[in-house]
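Just the one chain here, the form predicted on its own, laid out as structure tokens.
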Amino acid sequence: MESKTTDAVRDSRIAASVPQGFGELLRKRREEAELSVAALARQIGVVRTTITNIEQGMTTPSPHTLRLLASCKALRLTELESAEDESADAWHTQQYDPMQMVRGMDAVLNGPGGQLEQTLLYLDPQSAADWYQLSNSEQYMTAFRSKMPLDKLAERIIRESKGVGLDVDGLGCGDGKTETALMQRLADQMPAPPDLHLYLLDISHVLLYSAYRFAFDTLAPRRIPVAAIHGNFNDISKNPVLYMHPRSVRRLRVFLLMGYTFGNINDEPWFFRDLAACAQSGDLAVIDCQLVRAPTDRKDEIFANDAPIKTKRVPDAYTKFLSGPLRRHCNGLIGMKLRSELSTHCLVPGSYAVESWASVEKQDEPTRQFLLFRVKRYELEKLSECLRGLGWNTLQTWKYGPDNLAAVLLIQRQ
């Protein structure tokens, strides 16, 4: 009952936010975007008469219809929202069903073993809290986060934008702090108020809420709109708000994969082919990744120089995060052991993965093996060559962190 009451209050706030003359504004924006009534109705999933009646002032859009209209980026309706009104700033992808995903994780972890799709690790609140603690540890902040070349990155993005507005998509944003820091630096180099929009996407409700609150509180004084989207970044092609360009107003998309999110993707070529299909020529993407400790054809050097592979131990900082889902979802668990392994079965040439495996023991049952997590490391030149074949040119790279073991790449759609 409380949830329904909250939804009703939220919807009443959205309905109350519809300005006088909205129908005429909708017609104008639709025509500027070169969309017919039929095309707009088809795109957002309503009948033509709904659009016609709104434009003619015969009806006021319902909260649901208003959210659908706002999801059509070509209409630029999110510009109507004040910095104080957060009610319409959240969406979810059509495929986002956390309850079903948790059931799927239960089925895997109580099955014969195998691979866990690692985005599922962030679903339950405690797992999200464990990851948040890990990513905000003093060691990680000092060694890597504080060393990211955000000033140089922002300067180059502004140069490539050539004065147009920027729509920035934080894919798998986690706590959103790096994305927010980059937005601040972009705003510093633009006239006030900066023509910036930030879209934060994450599969974890807990992390996304935290990221949205932090970004909104930080960026609202500078009047930078922030939207939160629940979903899996692998579904980007099914979520137009993340890639739609207005036809009559040139804007640039900037897709962000920060916090080594890129190295967690199962199939990078598949992902960047999809992203290329969603992007327009000139759009940008930022990849934050870890670098190889030695070439893949010199495994002895990898074992000597990559600590988790050398020791076969999962780093202590990751143990709580990775073991938590097993303890909470494996029925009849009596013990587990975590280990790190090297895998060179990677799709990007020159890359390898550090895999985190769990041996799970249950009463009177054989030991099961689960691949829980993998993070890949890359050779910059070979990664750039691979991306070029997928429709993306590397504009610039910056190495950072201890011994330059991490890098940021700025790439552009051909």
Ligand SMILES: C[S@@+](CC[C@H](N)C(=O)[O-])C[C@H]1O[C@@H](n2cnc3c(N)ncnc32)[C@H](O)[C@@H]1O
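Just so we're clear, the structure is a prediction, and the values are computed from it rather than from any experiment. Quick note: we count residues from 1 along the sequence shown, nothing fancier.
A second form of this protein, the form predicted in complex with the named molecule, is not displayed here; the remarks below concern that form.
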* **Thr119, Gln290, Ser340, Thr218 - the one with a heavy atom within 4.5 Å of the named molecule in the predicted bound form** => Thr119
* Please run the contact check for Ala228 against the named molecule in the predicted bound form: heavy atoms, 4.5 angstroms, yes or no? => no
* **Contact of Met258 with the named molecule in the predicted bound form (heavy atom, 4.5 Å)** => yes
* Flag Phe272 as yes or no: does it have a non-hydrogen atom within 4.5 angstroms of any non-hydrogen atom of the named molecule in the predicted bound form? => no
* Asked: For Asp169, is any heavy atom within 4.5 Å of the named molecule in the predicted bound form, or not?
  -> no
* Asked: Want to guess which of 298-306, 191-199, 228-236, 328-336 is within 4.5 Å of the named molecule in the predicted bound form, heavy atoms only?
  -> 228-236
* Stretch 171-189 - residues with a heavy atom within 4.5 Å of the named molecule in the predicted bound form -> Gly172, Cys173, Gly174, Thr178, Glu179
